[in-house]
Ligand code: NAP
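Here we start with a single chain on its own, the form predicted on its own, put down as structure tokens.
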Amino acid sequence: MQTKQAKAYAAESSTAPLAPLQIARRQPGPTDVEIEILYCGVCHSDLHQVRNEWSEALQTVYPCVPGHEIVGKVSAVGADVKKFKVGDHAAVGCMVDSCRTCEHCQSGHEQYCLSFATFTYNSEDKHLQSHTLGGYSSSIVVDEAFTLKVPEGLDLAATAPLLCAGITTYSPLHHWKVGPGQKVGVVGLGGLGHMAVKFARALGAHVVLFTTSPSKKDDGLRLGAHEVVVSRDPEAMAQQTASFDFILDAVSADHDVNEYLRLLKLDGSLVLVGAPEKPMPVAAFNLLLPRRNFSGSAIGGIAETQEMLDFCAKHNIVADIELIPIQKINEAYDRLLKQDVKYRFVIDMATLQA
């Protein structure tokens, strides 16, 4: 297969900093869309993957070019592409392919592909017989079936985090039919949590933010929460007992999920979208009495992701971001570990040319 060179930032090992690297991209095939990348969000999973911290489940292959929150401009299209033309704004999220034939793919849940989806980086690349390389790069080539249209009117840089943080929180809210008349909790105000607050408010729910940081109260209210509860205050937590229809837990640090299960009504659901490192003990009677549900959710399918982008355009929802040059990516990773960002780093990929 013919290839051409692209600029990128990559890690050569789990202990190496990200640094410039030339990579190969395939020439667009008949159904491919080539995208000049304008912005790429920085997800906490980028850091985990670069440092091989998920090695038991997902061994990192080096060199690793992270990035799965991609927004750019179409620079070329294959002969059979129907949805895109050169000059369109397009986006790519966490997946660039799947088997497309299993029951989950057929029902629009490609993220749960029974053969495992092809992720935007660190997956097998069937085209180049290597591994996929992500969005910390000048360009990417993706089949149009896994390429998304960016609606008019959205700020392009602030749209990038919607491709992971956005869909990861929208999908469970959509699946569990969150809407008017419901009391909804959001645990944690980070990259995921701040999007969950915005979505739940736009869906018409009464939104309560739970945070360990009293200093985040004003920001929580600004983002759309009706109430902010400091989870370290036992009295404040007790006042919320058995009152929630739905709680979205967006915390990846170790924490006691039982505190939040106790806040659910009969048949209420607590859905985990954060990924704590250690197993989470669950007290049986927090599920049994009253009947409660504890579930998880991962990103969203392609059709649902497009629906989310269109919803964002309708309700003027984008992420709160800090725009950085690619040369500050290692510093951004250090700040990410300290939770020193409100609420998502986005790389201005024009700086890759510097």
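Since the model is a prediction, treat every value here as computed from it, not as a measurement. Note that residue numbering begins at 1 and tracks the sequence as displayed.
Only in words, not in the display: the form predicted in complex with the named molecule, which the text now covers.
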Quiz item: How about Trp54: is it within 4.5 Å of the named molecule in the model of the complex, going by heavy atoms?
Solution: yes
Quiz item: At the 4.5 Å heavy atom threshold, is Ile35 in contact with the named molecule in the model of the complex?
Solution: no
Quiz item: in the model of the complex, does Lys328 have a heavy atom within 4.5 Å of the named molecule?
Solution: no
Practice problem: Decide whether Thr31 counts as a contact residue for the named molecule in the model of the complex under a heavy atom distance cut-off of 4.5 Å. | Solution: no
Quiz item: Taking Lys73, Gly87 and Ala145 as a possible spot, do all three reach the named molecule in the model of the complex with a heavy atom inside 4.5 Å?
Solution: no
Quiz item: Can you pick the one in Val251, Leu261, Val96, Val141 that has a heavy atom within 4.5 Å of the named molecule in the model of the complex?
Solution: Val251
Quiz prompt | in the model of the complex, the one of Thr168, Ser137, Thr120, Thr159 near the named molecule [non-hydrogen atom within 4.5 angstroms] | solution = Thr168
Practice problem: Among 125 to 133, 176 to 184, 207 to 215, 145 to 153, mark the stretch whose residues have heavy atoms within 4.5 Å of the named molecule in the model of the complex. | Solution: 207 to 215
Quiz item: Out of 28 to 50, which residues reach within 4.5 Å of the named molecule in the model of the complex, heavy atoms considered?
Solution: Cys43, His44, Ser45, His48
